[in-house]
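Here we start with a single chain on its own, the form predicted on its own, put down as structure tokens.
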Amino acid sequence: MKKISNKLINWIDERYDLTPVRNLLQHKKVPMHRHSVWYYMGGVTLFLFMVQLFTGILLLLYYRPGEDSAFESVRFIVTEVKFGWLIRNVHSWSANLLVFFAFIHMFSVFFSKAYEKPRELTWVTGFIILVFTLAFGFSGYLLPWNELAFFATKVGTDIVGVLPLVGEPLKVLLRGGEDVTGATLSRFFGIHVAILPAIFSFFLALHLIFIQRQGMHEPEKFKNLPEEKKKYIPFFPDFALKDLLLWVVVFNILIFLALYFPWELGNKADAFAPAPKGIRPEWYFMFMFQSLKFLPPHLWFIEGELFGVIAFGLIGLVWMLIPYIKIKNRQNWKYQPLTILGVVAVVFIFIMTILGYIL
């Protein structure tokens, strides 16, 4: 077997010159320090995206978009297709874990200041990937065409519609008309399986290229150590094998969740039925949803909901441009202004999410 693999590698090497790949595998090092565990969060996020891609393709073999066929096709998958229920549960849970680890990865990069020069574009592309990950969640939520997804999508697109000038046209574009109908389902299906994967893959490729070119970020304390005290491990095979081991752990957690906490299909969407009580978005949108609920009907001269949507948009833009924002550090402060800002953001998201479920 080894001889066959060596011959295959030599055959490819003669034609495409694998020297750059060998150099990368042989010379890339990963710094080891007490915060090294956060290096693995990006790899877990990438793994969950691959799970999403694989299970999504399998579901696509049986899923039929359409107002009269979407719900029935999903029910067929979970009741008639062998292991179809497992594939759907894995797809649903991996989507949630993908968002969870993407947030962890983003905040770990923020608090370790890995966004600073020369990694500004790595941060920007990572933030864009997070935004498109959320868009995946929003567009995919409607595809089973069940009751909760129908009304949650209606609420979500109504929020888009409050934007000045572009809000109403954008809402009509997303819905394929004035109301959430089968046309909306077709739009969301196309966005979910074609448009978003293409854009996401482009930015993911850029993000990975930037990381490979610049290597792993070294914290300031690690940089200031004498060279003889700095510890590194080879990326391949040492770091790669540890990364793979964590993937196996995450996969086992994913299978456990899929087996013991199945994703309910619910009832088929009915546009003429009253909205069920307790309509909520997915947990990763809950902090925004709950924040909008706390706003008064009017703030100064604009509607409260519009104020909240604009505020979240501006906050997201500022967050994306964090590497280019220069705030003078305070020498007598234990925690610097940007670190405090990050802590406030985490606490705010956590509290608003909890309140969204208990109120």
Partner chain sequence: MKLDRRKFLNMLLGIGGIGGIVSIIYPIVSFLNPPKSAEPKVNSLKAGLNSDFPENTSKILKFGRKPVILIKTGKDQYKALSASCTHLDCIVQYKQDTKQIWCACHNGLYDLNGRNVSGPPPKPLEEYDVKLIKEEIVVTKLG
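Residue numbers count along the first chain shown, from 1. Note that this is a predicted model, so its numbers are computed, not measured.
Note that the form predicted in complex with the partner chain isn't included here; everything after this is about it.
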Practice problem: Heavy atom within 4.5 Å of the partner chain in the predicted bound form: which of F200, F151, F136, F235 fits that? Just give me the one. | Solution: F151
Quiz prompt | Heavy atom within 4.5 Å of the partner chain in the predicted bound form - the one residue of I209, V249, L173, I255 that qualifies | solution = L173
Exercise. Work out which of the listed stretches, 274-282, 138-146, 97-105, 78-86, brings a heavy atom within 4.5 angstroms of the partner chain in the predicted bound form.
Key: 274-282
Quiz item: Quick one: is D179 in contact with the partner chain in the predicted bound form, heavy atoms, 4.5 Å cut-off?
Solution: yes
Quiz prompt | Partner proximity in the predicted bound form: H35 to the partner chain, non-hydrogen atom cutoff 4.5 Å | solution = no
Quiz item: Going by a heavy atom distance of 4.5 Å, is I129 a contact of the partner chain in the predicted bound form?
Solution: no
Quiz item: Looking in the predicted bound form, any heavy atom of E67 within 4.5 Å of the partner chain?
Solution: no
Quiz item: Quick one: which residues from 147-171 get a non-hydrogen atom within 4.5 Å of the partner chain in the predicted bound form?
Solution: F151, K154, V155, D158, I159
